[in-house]
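The data below hold one chain only, encoded as structure tokens and taken in the form predicted alone.
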Amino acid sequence: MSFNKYDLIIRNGLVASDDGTTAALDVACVNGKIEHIAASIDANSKAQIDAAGHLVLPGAVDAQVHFRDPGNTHKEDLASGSRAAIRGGVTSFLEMPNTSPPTINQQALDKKLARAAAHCVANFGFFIGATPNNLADINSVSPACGIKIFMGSSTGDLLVHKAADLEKIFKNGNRLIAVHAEDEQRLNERKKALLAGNPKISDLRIHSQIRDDQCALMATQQAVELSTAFSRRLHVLHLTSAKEVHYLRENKTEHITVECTPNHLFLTEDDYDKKGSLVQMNPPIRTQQDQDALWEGLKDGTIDFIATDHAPHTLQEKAQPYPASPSGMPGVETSLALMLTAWQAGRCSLEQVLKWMCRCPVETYGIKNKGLLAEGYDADLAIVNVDDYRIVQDADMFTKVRWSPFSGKELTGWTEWTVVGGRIAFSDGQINESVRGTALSFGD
């Protein structure tokens, strides 16, 4: 054997290919890359993992998280959020701009990049937030994965809902635009009508009625029409409704991609009865019919991939009576386990999980050298145990708020090891604090 030819060798793993097939193979990594994959690698390395037959996957890419940094770091920060990601087998994330202050110019973006480089265990990228007045900034900042537009009001102060402002953004520049698609006027009208005379609401189903499927459809239609008119790259975030799936199935163009969240794939309005505001988010969870339509949309390609919209609040904040209770829930560390559990239950294939959580997010945002377990790609990997079923428990969560909307649910596919840049970032339930992720690179 050659002496320390590699930095890391993963031995005896069941290595997953992009087509969902698996084979017993070794994986050797050097200088942050996957150098060699073979049935047996006869070499030494600085570090080794005996995968013991566990499934070896490319690290998942979560293309929508809110790590609350800066401004609300009592809920989450880039350090804690990245550790929650790594614990869940997510090796790269894209973070949203509705922080305080918001990420709306190069100065704010540079501060985030510097803080992430110093504290993040996972690889990182950031959106730039659109306002009615920062057109030059959103088209010039670098590096940014895309422009985020809140067409309807949500957490934070970013809102662009007037037709003239939206048209100005869509017709100037070529950077991908990602939209939170809810119609602001309808949202406000329904809020006024449904909350009139009800300062405190006990039935959280009203949240899904205020921000109803028509509210979502109207904004999605507007965004699609603007994308089509100006041939502009559009990404529709967190799709929620059957109406939107049906509309996009007929009207989606080559310029448009779509995502949905595990929250909308595994929760419905019935969960308000047990979980209350813990499952309150924007846009909201909906009916079983809507959930079924999302699964159909994923499988037929109307929806391209899955992202979590990880958006934590403290339990104390969530305990406030509606509508004071804030919208959003954590999810970055349970997403891969949820999808692998669905695979084990026969609801989807391993190939689909890899497509939805690894390959398609990378393709959508032009992320360089990620998303595949192949020679020459970055050595970002998750080694998971699909034979070990465990109950989700709040006390086990790595997110700073220490709770999960899926608490009490039995899942498999928990991460045993996570590798970032060829280094072991998570093992034996612990984070390797010497590992740091790197800034992601994006295509034009």
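Start at 1 and count along the sequence shown; that's the residue number. Bear in mind the structure is a predicted one, so any value in this text is a computation, not a measurement.
Below: the form predicted in complex with a small molecule, not depicted.
Problem - Exercise: residue 281 in contact with the small molecule in the predicted complex, heavy atom 4.5 Å - result: Residue 281: yes, in contact with the small molecule in the predicted complex.
Exercise for the section: May I ask you to check whether residue 223 falls inside a 4.5 Å heavy atom distance of the small molecule in the predicted complex? Expected result: Residue-level check for residue 223: no, no contact with the small molecule.
Exercise for the section: Examine residue 309 and determine whether its closest non-hydrogen atom to the small molecule in the predicted complex is within 4.5 angstroms. Expected result: Residue 309 belongs to the contact set for the small molecule.
Handout entry: Interface membership of residue 291, the small molecule in the predicted complex, 4.5 Å heavy atom rule
Key = No - in the predicted complex, heavy atoms of residue 291 and the small molecule never come within 4.5 Å of each other.
Problem - Listed range touching the small molecule, judged in the predicted complex by heavy atoms within 4.5 Å, from 376-384, 410-418, 63-71, 38-46 - result: Heavy atoms within 4.5 Å of the small molecule in the predicted complex occur in 63-71.
Practice task
Report the residue, out of 286, 355, 232, 313, that has at least one non-hydrogen atom within 4.5 angstroms of the small molecule in the predicted complex.
Solution key: Partner contact (heavy atom, 4.5 Å) among the options: 313.
Exercise for the section: Taking 4.5 Å between heavy atoms as the contact cutoff, choose which of 370, 252, 180, 87 touches the small molecule in the predicted complex. Expected result: Only one listed residue qualifies here, and that residue is 180.
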